[in-house]
Each structure stands twice: as C-alpha cells, then as structure tokens.
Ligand code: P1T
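So this first bit is one chain, no partners, the form predicted on its own, shown in structure tokens.
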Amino acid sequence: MTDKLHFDTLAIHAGQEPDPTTGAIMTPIYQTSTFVQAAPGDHKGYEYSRSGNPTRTALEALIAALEQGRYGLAFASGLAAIDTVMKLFNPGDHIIVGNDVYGGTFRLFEKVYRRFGLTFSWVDLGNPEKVQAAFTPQTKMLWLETPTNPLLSLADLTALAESAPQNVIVAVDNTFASPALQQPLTFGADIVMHSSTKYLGGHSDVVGGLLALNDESLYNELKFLQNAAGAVPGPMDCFLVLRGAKTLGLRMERHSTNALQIARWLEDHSAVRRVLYPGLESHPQHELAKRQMTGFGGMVSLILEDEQAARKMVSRTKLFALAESLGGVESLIEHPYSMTHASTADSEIAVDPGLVRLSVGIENVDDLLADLQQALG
C-alpha cells in the first residue's frame, strides 16, 4: 500500500502501524537490551538490541519509504552511518569525493581512513571532465553532497550516476535537501545518507544517522557491518526521529519559503559580497535545482568582506542562535571556517574565512529579517 501514497502520508504512516497488542497509535519505545527466546534460536525476530530493535525497525522502514528505496539502516550519528559505509572498502581502494563537503566527512576520510590505506581525490563534481579523469581501476566509490555543505553547490545526480563505472558505488549525503525535497535513489544513486540529527529529527533534540538503498547484496553487507561495529541508535533516539519526520514535509515548505525570502534580502544588502542559495536566479545551478529538487531548502550561505566581519555578524544575532548543526525548527547561524569546517582549514577544500552559514528556521520571517538587519548593521 505504501508505494502508492504521497510523501506527507508516508512520513506519518510508513513503518508505523498501530501496535497490535495495545492499539497504540505511536510506535512504542522498546527500551530493552535483550529479548526472551522460547528455545535457543527460537525468538520473535529480535535477540539483542544492537542487532535489531522494533523501534529501530520502524525508523529503518520509514527512511526506505521516504527515499523510495527497499532498505533502510539506522545509526547513532550521521558520521557513524558514513563510517559504516567506509568499512566496505579495503586498503588500496580509491574514493572520489566532492570538493565541498561537511568538515566531519573530510576529517573521517583524511584523518582516519587514509591511515588505513584508502586514498581520496577531492574533485569539482560540476566539471564532468575532472570527474572522468579522477576514476581509476582502484576507484570503488563516488561520495557527494548536493546541495553541499557549506557552499550550496549542486551535483547533477543523473549525470554522475550514469558516468560512474559499473563497479563504483555512488553515495549521496542528502542531509541538506532531506527526502522531502530530493530522492537521490530515483536519479540512480546506490546509497543515500542522512544525518537524522538535522531535518528528519527537526527539533535539535536527537543525534542519528540513516542509510537508504535498493541493492539487496549491498544492504546485507551494510547490515552485517551495522551489527558487527555496533554504532546503533537507542530506541528513544529512533522514536524522536520517527516523531520529527511526521512533519518533515510541512517544515521543509516553511524552511524553504523563509530561506528564499532571506536570500533575496541578503542579495540587496551592501555588506554582503555574495549569497549562495539554489533558489536564487543568480545561483549558477539554479536550473539544475529546479529539475532535481522540489524545493530549495532552508540553508543559506553568505560571504562577507573578511573573517572579522563574519565573526562580528554571527556574534550579534539574537534569534539566529550561534551554534553548530542545522535543520531544527529554530534558526541557527555559524562561522564554518572556525566551527564546522575547522578541520579543512589547511586543506585544498578550505572555506572562505568570510563565509557565514544560516540554518533558516520556521519562525516568522519578518522577525528573522529584523534580526539579520541589526546584526549586519
């Protein structure tokens, strides 16, 4: 039945049937570490909560449905989800990565997995010639974000999926768009990753990560690694994401309309050198955004004159809270160069010190504009 339902209906019902024992409309929080067996190996589908938990099962079914995939897997954080994907590979394997990604992804790849013999190429995914030149016989995965964090560049998902050799996994971090606005599996991606801490949870009260995919063999490998490494979320965390996801469609509409209005206002402000937002006609990939996204999202980046101006702005806002993370109902502001992307400062993908990143919430947009006005002076 669920494959015929619209997104907003799936977000409320997929994987979340009323409890058959009590009729509870909300998925119960199965706060248990283990499950009684009638005899050795004779159980009701669950043995130990690292291996599986009914609340987690509901969340995994939900993300699969929202991404139009067959399988879902849940983890203790977005980085735990990425880390599990990286365990698919062996020393000597090569990974192509977009040259604008979350600082935590860069840190995991360069500071951890390079030590174990993996190699990485950081490539402008908007340049097809550079992407093709980066593939080698050792390439096993293409990892990308679209829109990217923090420059909000886009990657053409269909073109990249079609250009990748048959044995190369195409993995997409879909956190910024959320499945409400973009579903990379439908464009040919093999794996979709989310930090469910962000828009899926939506209330800044949970940390988690999710994977969605279609290939059964790949799912079985990742399911084995999920259990073997054990970076799984607890049932309460799963419940919070299930609850938050129910309003994802509505929230993304408000995030997007607020962000577009703010981006247009910032474009006209004399203190702002450049505004980065896919919904603006000035964005170099605006037409691509219209083709592969159903909305432009709640993330806006702007570049001020220098680092001093950026630090001054982020320290003066009242409604935009100075904090890392994103995707909650409340608006956040941060300075990537010294915060989320500090790990890239001396690398080839370092961000502009004058860059400011906004996570535009669902407050009244006039109040948000007034806050930005006083912060910019």
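Residue numbers here begin at 1 and follow the sequence given. Just so you know, these numbers come straight off a predicted model, no measurement behind them.
Heads up, the form predicted in complex with this ligand isn't pictured, but that's what we're talking about next.
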Would you mind picking out the stretch of 318-326, 25-33, 347-355, 38-46 that comes within 4.5 angstroms of this ligand in the predicted complex, counting non-hydrogen atoms?
318-326
Going by heavy atom distances of 4.5 angstroms or less, which of Val131, Val85, Val97, Leu79 would be at the interface with this ligand in the predicted complex?
Leu79
Within 4.5 Å, heavy atoms only: does Phe176 come near this ligand in the predicted complex?
yes
Indicate whether this ligand has at least one heavy atom within 4.5 Å of a heavy atom of Asn258 in the predicted complex.
no
So, Met193 and this ligand: in the predicted complex, are they within 4.5 Å at any heavy atom pair?
yes
Whether Tyr102 contacts this ligand in the predicted complex should be assessed with a 4.5 Å heavy atom distance threshold; does it?
yes
Contacts with this ligand in the predicted complex, stretch 201-220 (heavy atom within 4.5 Å)
Val207, Gly208
